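Quick setup: one chain, the form predicted on its own, written in structure tokens, and binding and motion questions come after.
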Amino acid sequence: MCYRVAMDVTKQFRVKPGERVRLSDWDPGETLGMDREECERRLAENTEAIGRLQHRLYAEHKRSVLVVLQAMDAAGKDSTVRHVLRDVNPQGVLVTSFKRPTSNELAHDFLWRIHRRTPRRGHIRVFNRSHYEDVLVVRVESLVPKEVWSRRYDAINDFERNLCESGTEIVKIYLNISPERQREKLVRRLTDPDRAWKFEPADFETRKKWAHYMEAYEDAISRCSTDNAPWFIVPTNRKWFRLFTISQILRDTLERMDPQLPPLKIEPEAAMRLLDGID
């Protein structure tokens, strides 16, 4: 029973176009009845499959994949990249982390810096935070007026539709963590010398505005989950379920794309004759 549910995990957490999202309806502790052992086994299978499919995508050199990761602090975006993409060839995968815009970036439209980093044909590109910061942080922190950020949802949908029509599959994942679980992880980060460097005083201010960020995320996900560029709300309180779920979503996406190896440029027999001639 659990195995069949796991195979349908992509549909379980996909936001339907036009659906009004209330994050309080999505349980961050959900596991679909699966246990850690099963999820870790399935994760290993999925990462191996993702590695094979990424090799074919790179060789095909016609399409690409963009994975967007959005979440509150300490939800596990970095560890998701490390674990889910552990079996891919690094030359075909790039990760971009969007920070505060530079003065040069601010001199352009808000999507300028994003479009410059979209994936090349044959590549998987991961956005660790993304263009959605311009309807999340910008909104909550009142960095621009409402009449500015409220128009950006349509601009984002147009931008993503253009990418899809150009051959880029888009997978957008919100790592749904509870405030209680986030607090546990922030405390661990503060007390662990290997992780404390990640902590910034601004993290406290962001946490104070949790309700405002949830409202901003609800609007962004509701207004920008489309057939071509769907949002997935992934339960994140249990790391092992989060990693399995995201790996399943990415594997399903690549299998649906079904990238094909290009035809041989030279028959093996002819190549062998040439090699024999050189030797």
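All residue numbers refer to positions in the sequence shown, first residue = 1. Every value quoted in this text rests on a predicted model; they were computed, and no experiment measured them.
The same protein also has a form predicted in complex with adenosine-5'-triphosphate (ATP), omitted here; what follows describes it.
The listed set E184, D192, D87, D78 contains one residue whose heavy atoms approach adenosine-5'-triphosphate (ATP) in the predicted complex to within 4.5 Å, identified as D78.
Put simply, of A74, I156, I170, I173 only one has a heavy atom within 4.5 Å of adenosine-5'-triphosphate (ATP) in the predicted complex, and it is A74.
In the predicted complex, at least one heavy atom of R113 sits within 4.5 Å of adenosine-5'-triphosphate (ATP). Contact annotation: F98 falls within 4.5 Å of adenosine-5'-triphosphate (ATP) in the predicted complex, judged by heavy atom distances. Residue contact check for E180: none of its heavy atoms lie within 4.5 Å of adenosine-5'-triphosphate (ATP) in the predicted complex.
Proximity of T118 to adenosine-5'-triphosphate (ATP) in the predicted complex: non-hydrogen atoms within 4.5 Å are absent; the residue sits far from the partner. At a distance of at most 4.5 angstroms from adenosine-5'-triphosphate (ATP) in the predicted complex, none of the three residues V148, E215 and R223 contributes a non-hydrogen atom. Partner contact region in the predicted complex: 192-200, out of 159-167, 192-200, 119-127, 87-95, criterion any non-hydrogen atom within 4.5 Å of adenosine-5'-triphosphate (ATP). Scanning 135-172 for heavy atoms within 4.5 Å of adenosine-5'-triphosphate (ATP) in the predicted complex gives V137, V138, L143 in sequence order.
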